[in-house]
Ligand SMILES: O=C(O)CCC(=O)C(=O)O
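Here's a solo chain for you in C-alpha cells, the form predicted on its own.
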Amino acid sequence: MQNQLFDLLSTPEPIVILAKDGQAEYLNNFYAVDECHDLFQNLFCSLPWESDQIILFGKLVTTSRKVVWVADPECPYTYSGIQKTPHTWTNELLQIKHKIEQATGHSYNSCLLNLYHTGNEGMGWHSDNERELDSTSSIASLSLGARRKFAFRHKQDKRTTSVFLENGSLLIMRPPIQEYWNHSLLKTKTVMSPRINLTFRKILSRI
C-alpha cells in the first residue's frame, strides 16, 4: 500500500495530486484571503443551513454538520437515502459557479454546501457516484475557512493520497475518479474553527 500526503500551502498553479483511475487537481489561492472572509460570512449568514439527515444501518441519523442543496429547479438530489429539494441560486453562488466553470472547463447545475463547525465534524469514506450525477463531469470542491485534511483511498488496492485543503483552495475531481476512489474529510481535535465546503456538480435533469 502506498500512502502519499500533499501539503501545498503556497502552490500558485494547479497540481495533479492523483493520476490513477481518474485525476484530482489542487489549486491553492483560488480565492484571496480577504475574498474568502467575505464569501464565508455571506454564505454563513444568507443560506438556509439545516442539519443533515442520513440513513445509517437502517436508522435515520441527524448530523451536527449542516448542509444546503442549491440547484436548478429540475435537479433534486438523493444521497444516503434522503432526497434533497433544491434551494434557489444566490447571486454570490452564481458568481462562484461561473469562476469555477471557467477554471474546470465544465458546467454545473448544482452545489452541495457543507458547514463543519469544528474538526470534530467530518465525512466518512464515500464516493459521489449517485445515479443522478453526470459521471462524465468533474466535481469541483471549494474550501472556505479552516484548513482540513482530505484523503483519497483506492477501492481495490487501498492506496491512499491526502492533501491539506487550505482556505480559498479548489480541488477538482475528474472522471472516472468516483468509480475507483473513495474520499473522506478526516476528523481532528486540533481544529476549532469552522469550514464551509462547496461541491459543484452536474445533475442529470429529470425533465
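Not measured: the values here are computed from a predicted model. Residue numbers run from 1 along the displayed sequence.
One more form of this protein exists, namely the form predicted in complex with the ligand; it is left out here, but the text below deals with it.
A.B. asks: Run the contact test on M123, L165 and R201 with a 4.5 Å heavy atom cut-off to the ligand in the predicted complex and return yes or no.
C.D. replies: Yes.
A.B. asks: Which single stretch, out of 124-132, 88-96, 68-76, 101-109, brings residue heavy atoms within 4.5 Å of the ligand in the predicted complex?
C.D. replies: Result for this chain: 124-132.
A.B. asks: Report yes if any heavy atom of F150 sits within 4.5 Å of a heavy atom of the ligand in the predicted complex; otherwise report no.
C.D. replies: Within the cut-off, so yes.
A.B. asks: Applying a 4.5 Å heavy atom distance criterion, does S141 contact the ligand in the predicted complex?
C.D. replies: Flag for S141 set to yes.
A.B. asks: Taking heavy atoms and a 4.5 Å cut-off, does L185 contact the ligand in the predicted complex?
C.D. replies: It does: once the ligand is placed as it appears in the predicted complex, L185 has a heavy atom within 4.5 Å of it.
A.B. asks: Look up in the predicted complex whether N114 has a non-hydrogen atom within 4.5 angstroms of the ligand, and give yes or no.
C.D. replies: Contact with the ligand, yes.
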